[in-house]
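Just one chain is shown here, as C-alpha cells, and it is the form predicted alone.
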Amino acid sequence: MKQIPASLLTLIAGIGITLISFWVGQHHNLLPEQASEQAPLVDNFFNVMVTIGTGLFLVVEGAIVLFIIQFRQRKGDESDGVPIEGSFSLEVLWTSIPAIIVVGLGVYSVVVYEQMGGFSLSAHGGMAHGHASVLVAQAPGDAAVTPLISETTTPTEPTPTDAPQYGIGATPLEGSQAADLVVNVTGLQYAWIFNYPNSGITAGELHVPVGKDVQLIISAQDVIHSFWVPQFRLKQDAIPGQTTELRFVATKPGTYPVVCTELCGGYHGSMRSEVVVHSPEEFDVWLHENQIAQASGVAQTVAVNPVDLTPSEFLAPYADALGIQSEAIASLHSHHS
C-alpha cells in the first residue's frame, strides 16, 4: 500500500482545522442578544478571537494526541527515545505565529474602539449637571407612584471639570453632533441614579428611546463603580471626581440589566438596575408621565393605604370633581350605617 505523503495529510488537516475553527467562531452562542449599534462591532472581534483560539486549540491538542499515538512505546522496545535538543527554525516559528496574532488582534481592537467612539470624547461639556444626590423609591414603569424619598435636583451650569475625558463618545459618523438624549448617571453604594437634565426627571432605572443617540455622563459619589449593559456590549467605570462618558444607540426595544462590574463594597452584588428601551412614542409617554409625577408639589405627596381612609376621605377627590359636598357624603354614609 502506497503511503500518503505527509504534506498532503498536513494540507488536509489544515483545511479541516480552518473550517472547524470558522464554524465554531460563528456558532458559539456565548454572547447575549445584540441590542445596540455598538454590539456587532464587539461581537465580530470576539468571533475572530474564538476562531483563532479554536484553531490553536486543535493544532496544539491534536499534535499532542498524534504524538502520543505515533510515538508510543512499542511492545518489546526498551530503547530510549531520540535525543532532540533545540531547533532554531521551530522556535522562530512558534514565537512568530503568536506574535503576529497578538499584534493583529491589537490593531483590530484599536479599529473597533475607534468605530465605537473611543477616540472621540466630547469636550464641550454642554450638559446641565445636577449636584443633588437623589434617591427615589419607585415602582418600575409606574409613573403614578410618587417618590418616597426625594430631594430637589438643581441643574447648574457645566464647568470644565464636567467634560468627560474617558469613555466611549461619538462615533466617527456622528462627529461633533450633539446626542439626542443626555442622561446623568450617578453610581453610589449601592444604586444607580439616572437624572434627565433637560426634563428634570430622576429615576432608579434608565429609560431610552430606540434608534436615538443617547449620551450617558457617568460619575460616582463614593467609590469606583462600573456601568455595564451586557446586551449593549458597553461598559464604563464611574470614578469619583471624574466624569466619564458612554454613548450608544439602542436598536431593540426591551428591558436589559444594568450591572456594576467593579467590586464596590459588601453589597456590590445587589447594585443592579435596568435599562428600558422604548419605542419613541412610548418614551414620550413615559417622559410626560414622570414630568407630571415629579412636578414641584407632587413630590410632597405621601402614599396612603385606602384601607386606612374613611369613606368620606376616600371619596373626597371624586366628590370634588363631581361638585358634591362632603357633608352630603357623610350624611349619606350615616343614613346607611
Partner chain sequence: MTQTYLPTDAPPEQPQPTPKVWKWYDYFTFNTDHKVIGIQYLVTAFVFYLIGGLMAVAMRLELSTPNPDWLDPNLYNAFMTNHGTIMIFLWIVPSAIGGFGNFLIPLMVGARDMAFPKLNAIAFWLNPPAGALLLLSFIFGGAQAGWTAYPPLSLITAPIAQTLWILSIVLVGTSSILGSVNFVITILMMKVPSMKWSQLPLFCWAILATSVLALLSTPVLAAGLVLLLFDINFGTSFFKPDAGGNVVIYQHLFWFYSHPAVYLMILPIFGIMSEVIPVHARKPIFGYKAIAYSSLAICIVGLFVWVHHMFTSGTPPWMRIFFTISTLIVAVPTGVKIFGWVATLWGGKIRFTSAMLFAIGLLSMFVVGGLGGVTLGTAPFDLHVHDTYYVVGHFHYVLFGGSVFGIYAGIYHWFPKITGRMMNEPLGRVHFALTFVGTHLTFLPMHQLGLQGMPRRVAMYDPQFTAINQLCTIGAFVLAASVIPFAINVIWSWISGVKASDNPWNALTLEWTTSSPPLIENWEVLPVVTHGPYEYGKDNETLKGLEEAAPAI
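Numbering follows the first chain given and starts at 1. By rigid core we mean the largest C-alpha set that fits within 1.5 Å across both forms. Everything numeric here is computed off the predicted structure, so don't read it as measured data.
Form predicted together with its partner chain: not shown, discussed below.
| task | Go through 199 to 207, 175 to 183, 218 to 226, 247 to 255 and give me the stretch that gets within 4.5 Å of its partner chain in the predicted complex, heavy atoms only. | result | Single hit among the candidates: 218 to 226.
| Can you check whether Lys212 is within 4.5 Å of its partner chain in the predicted complex, heavy atom basis? | Result no; Lys212 lies far from its partner chain in the predicted complex.
| query | With a 4.5 Å heavy atom cut-off, would you call Trp286 a contact of its partner chain in the predicted complex? | reply | Taking the distances in the predicted complex, the answer for Trp286 is no, it never comes within 4.5 Å of its partner chain.
| message | With a cut-off of 4.5 Å between heavy atoms, is Ser270 one of the residues that contacts its partner chain in the predicted complex? | response | Yes, contact at 4.5 Å.
| query | With the partner left out of view, is Cys260 within 4.5 angstroms of its partner chain in the predicted complex by any non-hydrogen atom? | reply | Heavy-atom contact with its partner chain at 4.5 Å: present for Cys260.
| query | Pick from Cys264, Ala191, Ala170, Ala163: which residue has any heavy atom within 4.5 angstroms of its partner chain in the predicted complex? | reply | Contact with its partner chain in the predicted complex is made by Cys264 alone.
| request: Using the arrangement in the predicted complex, list in sequence order the residues of 26 to 42 with any heavy atom within 4.5 angstroms of its partner chain. | output: Sequence-ordered list: Asn29, Leu30, Leu31, Pro32, Val42.
| Has the Cα of Ile69 moved 2 Å or more between the shown form and the other one, judged after a core fit? | For Ile69, whose C-alpha is compared between the shown form and the other one after core superposition, the shift is 2 Å or more.
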